[in-house]
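For reference, the chain that follows is the form predicted on its own, supplied as structure tokens.
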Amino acid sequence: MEFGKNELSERKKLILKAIVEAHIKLGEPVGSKYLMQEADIPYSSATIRNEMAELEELGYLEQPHTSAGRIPSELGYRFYVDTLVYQYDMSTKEAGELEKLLSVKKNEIDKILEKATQVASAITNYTALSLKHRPSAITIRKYETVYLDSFNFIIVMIASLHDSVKTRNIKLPFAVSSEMIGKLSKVLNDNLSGVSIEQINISIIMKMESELTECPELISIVVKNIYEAMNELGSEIKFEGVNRLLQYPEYSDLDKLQKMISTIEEKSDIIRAISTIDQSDDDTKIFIGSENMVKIMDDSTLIYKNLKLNGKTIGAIGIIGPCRMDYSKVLATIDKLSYEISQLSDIGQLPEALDIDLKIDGEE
């Protein structure tokens, strides 16, 4: 997502970049004096103040207090990430941590994901998460439906694994009867009971649509929700460095911090948000502030990337931190981890240690 790159002159881009990076470093509003003396912006104080005022009018900056300096808005952070962030050069020590990570036995994917999370948190100094996908091991043994009103009903799914239960409150763009929702329950149990994600195909969907002749369009809506629920049930998420949030003033509100930690410990909201991301997608996803699906994270940024081995998604790695996180460092860490893991050979056909020469920009 990109916001009006053509609106900004090169001078505005230079000043915005300096403000974002200063705020990431200091955690305080940034003024024109700092930009002149510390950021080496080659313009007068009056020119810088005028440009800052215009950046504020355009929505890229905010002024938390009268006569204070400026801080980046969500739009400012988004523009910085999409346009201005520079490549981060890893230190020899950081590269060494990645090299040690990849020296574990390669048939131990759980161990790789666990160590990847530890290393990512240590290098970035934010909270890291890893997600392991096991949707193929999940089937639903029983479906139940609860009719609420003409446009709303609940579907209850009881999984084969440990009798785990998932519910979905489904809101419809069209009206249905209680009899229709009752019939839907039978159609689902007849066709999808004991069926894995990989086995749900167009033939099964068309068969269910033919059996629910009065409202066939209901099937596609329900199957989408079932697919998401099975992905959630088949995903294991682990966090590392949750205590690192305490270092940042953005989490000084104890009530909000407690809710954030509860969300992390409960896990389901974050798994649900991440499960909406296509597992075949290779791009790094960046959710800034209110872009996050989890409401309590509206003052945080989540950066997330699928991990692949031989073209198959085995999990994902992510970072949670304040909106003023060091984006270049986080993106470099996640990209390096995902790339090196993708270069491993088949699980179970590997030597016990890898000899990987991690090349760092500017070093031999």
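Predicted, not measured: the structure shown is a model, and the values here were computed from it. Residue numbers here begin at 1 and follow the sequence given.
Form predicted together with the DNA: not shown, discussed below.
J.: Which listed residue (316, 52, 302, 331) meets the criterion of a heavy atom within 4.5 Å of the DNA in the predicted complex?
T.: None of the others qualify; the residue that does is 52.
J.: Counting only non-hydrogen atoms, which stretch in 29-37, 333-341, 303-311, 317-325 is within 4.5 Å of the DNA in the predicted complex?
T.: Residues of 29-37 come within 4.5 Å of the partner.
J.: Could you confirm whether residue 11 comes within 4.5 Å of the DNA in the predicted complex, counting heavy atoms only?
T.: Yes, residue 11 sits close enough to the DNA in the predicted complex that at least one of its heavy atoms falls within 4.5 Å.
J.: Using a 4.5 angstroms cut-off on non-hydrogen atoms, would residue 295 count as touching the DNA in the predicted complex?
T.: The answer is no: residue 295 has no heavy atom within 4.5 Å of the DNA.
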